[in-house]
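Have a look below at one chain only, the form predicted alone, in structure tokens format.
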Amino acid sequence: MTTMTGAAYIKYELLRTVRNKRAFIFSLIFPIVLYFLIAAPQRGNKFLDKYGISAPQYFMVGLLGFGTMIAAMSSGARIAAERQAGWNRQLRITPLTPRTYFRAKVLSSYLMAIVSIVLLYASGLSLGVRLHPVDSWFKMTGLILVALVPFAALGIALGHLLTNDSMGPAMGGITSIFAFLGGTWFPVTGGGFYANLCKGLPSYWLTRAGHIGLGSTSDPWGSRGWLTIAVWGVVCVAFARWAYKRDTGRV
């Protein structure tokens, strides 16, 4: 009974995610519109051509981190809305386990992220982006999905801590700061405190994952990148569990 209830809830959660028009507009359409506004007018940018990179390719890679970050954290807005409507209280009287609940939320976050990736890839291809070798698409996608673990967990945590009205500004501010310090809009170079601060954030390595699309090595992270994502993943998952228990009173 519990298994069937869990499977039904996961299916319902994924369907509800797809049907949420507002979430699709802000989490998926906005990065695409931004991409075309920036990249399309610069298709003839010769400065990047001398490095073997076209402007559409450069900006597609840059916006991958920003777009997928928003998509992965979008579950927080849905959770906050559910709490306001009393839906979470209804769930607590069902056989649904916290593990199944978290699994459904993570899957919905990744569904949004994957759709965002596909749309950005399609947009890049429409402007002439071609990656060689072809398996660069798969390597880049794999690393991006790994780098999104902390953001998916962070979105769930914020959804259980903030109100529906405050989630929008909070998510906008957090993703903007992460994107800025992660090198989405301009490269992080050199050393010193600022560079080390940026390299200690998961958004930096999320952006670095996209550098495969700029002709980087097959593993642009190295041990430091993997360790940073692992630490942030553990911390954010623990934060999400704490926020859930605090909100629901479950132990």
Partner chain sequence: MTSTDIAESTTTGVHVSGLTKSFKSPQGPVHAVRGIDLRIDVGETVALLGPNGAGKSTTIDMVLGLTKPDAGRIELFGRAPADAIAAGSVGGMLQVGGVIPDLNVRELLDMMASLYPNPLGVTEVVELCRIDDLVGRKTTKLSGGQTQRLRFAIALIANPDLLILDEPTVAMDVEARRQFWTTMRQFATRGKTVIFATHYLEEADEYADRIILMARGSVVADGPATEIKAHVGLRTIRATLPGADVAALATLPGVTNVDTRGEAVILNCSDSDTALRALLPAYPTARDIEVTGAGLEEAFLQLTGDETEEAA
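Computed from a prediction, not measured in an experiment: that's the story for all the values here. Numbering follows the first chain given and starts at 1.
The protein also exists as the form predicted together with its partner chain; that form is not presented, and the subsequent description refers to it.
A residue is said to contact a partner when one of its heavy atoms sits within 4.5 Å of a partner heavy atom; P95 meets this definition for its partner chain in the predicted complex. Interface membership of L227, defined by any non-hydrogen atom within 4.5 Å of its partner chain in the predicted complex, is ruled out. Looking at F138, you'd find every heavy atom of it more than 4.5 angstroms from its partner chain in the predicted complex. Its partner chain in the predicted complex comes within 4.5 Å of no heavy atom belonging to W242. Shown without its partner, this chain lists V118, I177, L125, L91 as candidates; in the predicted complex, only L91 has a non-hydrogen atom within 4.5 angstroms of its partner chain. With the partner left out here, its partner chain still marks one of 166 to 174, 79 to 87, 110 to 118, 150 to 158 in the predicted complex; by a 4.5 Å heavy atom cut-off that stretch is 79 to 87. In the predicted complex, its partner chain lies beyond 4.5 angstroms of every heavy atom of every residue of 135 to 160.
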